[in-house]
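So this first bit is one chain, no partners, the form predicted alone, shown in structure tokens.
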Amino acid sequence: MNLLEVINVSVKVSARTLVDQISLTLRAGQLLSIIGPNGAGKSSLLKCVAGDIEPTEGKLQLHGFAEGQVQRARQLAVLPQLSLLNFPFRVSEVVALGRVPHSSGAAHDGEIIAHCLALMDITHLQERRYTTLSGGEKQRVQLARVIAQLWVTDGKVDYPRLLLLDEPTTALDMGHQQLLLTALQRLTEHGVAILMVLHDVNLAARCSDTILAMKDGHCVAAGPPSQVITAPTMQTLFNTATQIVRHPSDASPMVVSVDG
């Protein structure tokens, strides 16, 4: 059963169409990445799914999600492009905010917080003040927070969970990008559905079950990475010549720029 259905959704602001007749489906345990150039409508579509903006046309359905804010916060976690937090909380306190919707007890929450700190390689930062961190460190703290919001240790979950990420690899170095992808894989293995916006096409190709390619609010291509990550699609999206090769470890498509 589909957890999320987006059916011919459009988003218009004044006379400008940000999202134009986009459709997608997402099941539990799937990861879908949205790629495309700046201004393609990727973040607007994600905000629409998050409920931050209403679709002008079309229909969006979340199946099995609670109506109440607290209950829904146990099922839906969102990381926007910019996470504005200017209070000098300790890192562990910021991650603990992800556990606020739950009633799982301090000891259980403490285990989850410690686990998510380790997942994002920030255990050594847990007593640091958030406002003193670098951009990449702050991003990892915010990622740990939203992972903690949906994490379940015993695996016994009878409700759907959805994680929405807008450019989660921003400011992350290569090693921490890989840590993030490993953490996301573990979430999907435990039934969490993930919808995220990525600028890095090669990362999207490696970690996604499905990719939606957008430009000027439209769907250019959608499907598994092997069908979307092609030289013609990259030319359409980014107006640049590329060659597609295969990654040596998993044969996923890789985009290589072509000179001239």
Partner chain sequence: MWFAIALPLSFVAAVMWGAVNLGADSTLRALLALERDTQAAMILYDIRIPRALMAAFVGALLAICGAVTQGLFRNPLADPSLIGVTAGATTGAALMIFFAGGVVSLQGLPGLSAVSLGAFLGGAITVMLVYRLATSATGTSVTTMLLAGVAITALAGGLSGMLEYFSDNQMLRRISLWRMGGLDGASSLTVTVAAVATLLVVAILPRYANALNALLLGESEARHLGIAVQTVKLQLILIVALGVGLSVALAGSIAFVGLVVPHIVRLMVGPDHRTLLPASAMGGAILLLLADLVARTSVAPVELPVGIVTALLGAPFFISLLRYRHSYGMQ
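Residue numbers count along the first chain shown, from 1. Here the structure is a predicted model, which is why all the values come from computation and not from measurement.
From this point on, the text means the form predicted together with the partner chain, which you will not see here.
Here is the short version: of Leu180, Leu172, Val78, Leu125, the single residue with a heavy atom within 4.5 Å of the partner chain in the predicted bound form is Val78. Of the residues Asp200, Glu57, Asp52, Asp209, just one reaches the partner chain in the predicted bound form with a heavy atom at 4.5 Å or closer; this is Asp52. The shortest heavy atom separation between Leu82 and the partner chain in the predicted bound form is within 4.5 Å.
The partner chain in the predicted bound form is approached by Pro88, whose closest heavy atom lies within 4.5 angstroms of it. Contact between Pro160 and the partner chain in the predicted bound form is not found at the 4.5 Å heavy atom cutoff. Proximity of Glu93 to the partner chain in the predicted bound form: non-hydrogen atoms within 4.5 Å are present. Using a 4.5 Å cut-off to the partner chain in the predicted bound form, not one of Lys12, Leu18 and Ser43 places a heavy atom inside that distance. For the partner chain in the predicted bound form, the listed stretch (172 to 180, 185 to 193, 116 to 124, 96 to 104) containing residues with heavy atoms inside 4.5 Å is 96 to 104.
Applying a 4.5 Å heavy atom cutoff to the partner chain in the predicted bound form picks out Arg129, Gln142, Arg145 from 129 to 148, in order along the sequence.
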